[in-house]
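Consider the single chain below, provided in structure tokens and representing the form predicted alone.
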């Protein structure tokens, strides 16, 4: 069996390639230049396309190669462009598509997948004949191999889409999806001025600061790119500390992949306590200095 991996973000390639490699041979498609990192994950070949924003042209290329029997399955990073490619490719190749899988296995002539459903409230297990899948970040831990993959440039056919203009969103300058430790704040913070009380604690544990939807989108205490949740970023840090976050399902869907979750909330009935490994009922401004003193000691 042979599969392809596509990602317009090379940082997502190692985990998806490691995952696909366990199923058989794999090729990687991305935009260049190819970083040394993606060459170490066992692909038979890495194909570098000139522009991963040309999603229709990429879908044309992959559909053509699937129709020739080169690939049985496609695993695509769940980015904005990746989801676009997956939908176009599934339509062009009549292959069927399932989004945001967190688990995959062969079941005879079918596939069996799992993904979060109803905003992360449940896990949906499906058996289907689908062959195109978008993959949640961090589906497995990346594992390098001892050799480097060869790289080949690929020219795309002209796109049927013309970009008239583009505008960059304002960014906070931090990619929370790559963070190993996150301190995430909710409405319990009170107001933006109190962020200064959180920053020393986050700095002490080398964590980045993120927030819930209200904090980032409603009150603008943090920039939009720091939002964790179903409509924001999905993170998988080693440690996730939720401060003053009630734990609505839309937020939980964005941080459920965290390895250790610590919650601090004054409300002992907050749903976040059902999702955490360690919970502290109390005011974050009373709890954090004690945690910080304990770490210093």
Partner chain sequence: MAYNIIVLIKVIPDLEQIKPDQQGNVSTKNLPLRIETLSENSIEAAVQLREKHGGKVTGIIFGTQESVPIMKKAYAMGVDDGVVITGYPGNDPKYTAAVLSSKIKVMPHDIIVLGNQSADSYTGLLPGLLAGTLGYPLIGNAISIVPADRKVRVKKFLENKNVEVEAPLPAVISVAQEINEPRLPPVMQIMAAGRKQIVTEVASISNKSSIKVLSNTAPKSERRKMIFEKAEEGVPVIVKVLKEELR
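Each form is matched to the other, and the largest set of C-alpha atoms that superpose within 1.5 Å is called the rigid core. Numbering follows the first chain given and starts at 1. Every value quoted in this text rests on a predicted model; they were computed, and no experiment measured them.
What comes next is about the form predicted together with the partner chain, which is not displayed.
- Screening 187, 194, 83, 178 for any heavy atom within 4.5 Å of the partner chain in the model of the complex leaves a single hit, 83.
- Within this chain, residue 68 is remote from the site of the partner chain in the model of the complex, having no heavy atom within 4.5 Å.
- Within 4.5 Å of any heavy atom of the partner chain in the model of the complex lies no heavy atom of residue 57.
- Using a 4.5 angstroms limit between non-hydrogen atoms, residue 25 is distant from the partner chain in the model of the complex.
- Contact annotation: residue 45 falls outside 4.5 Å of the partner chain in the model of the complex, judged by heavy atom distances.
- Residues from 228-248 that approach the partner chain in the model of the complex with a non-hydrogen atom closer than or equal to 4.5 Å are 230, 231, 233, 238, 239, 241, 248, in the order they occur in the chain.
- Remark: with the core as the superposition reference, the CA shift of residue 155 between the shown form and the other one stays below 2 Å.
- After superposition on the rigid core, the Cα atom of residue 224 is displaced by 2 Å or more between the shown form and the other one.
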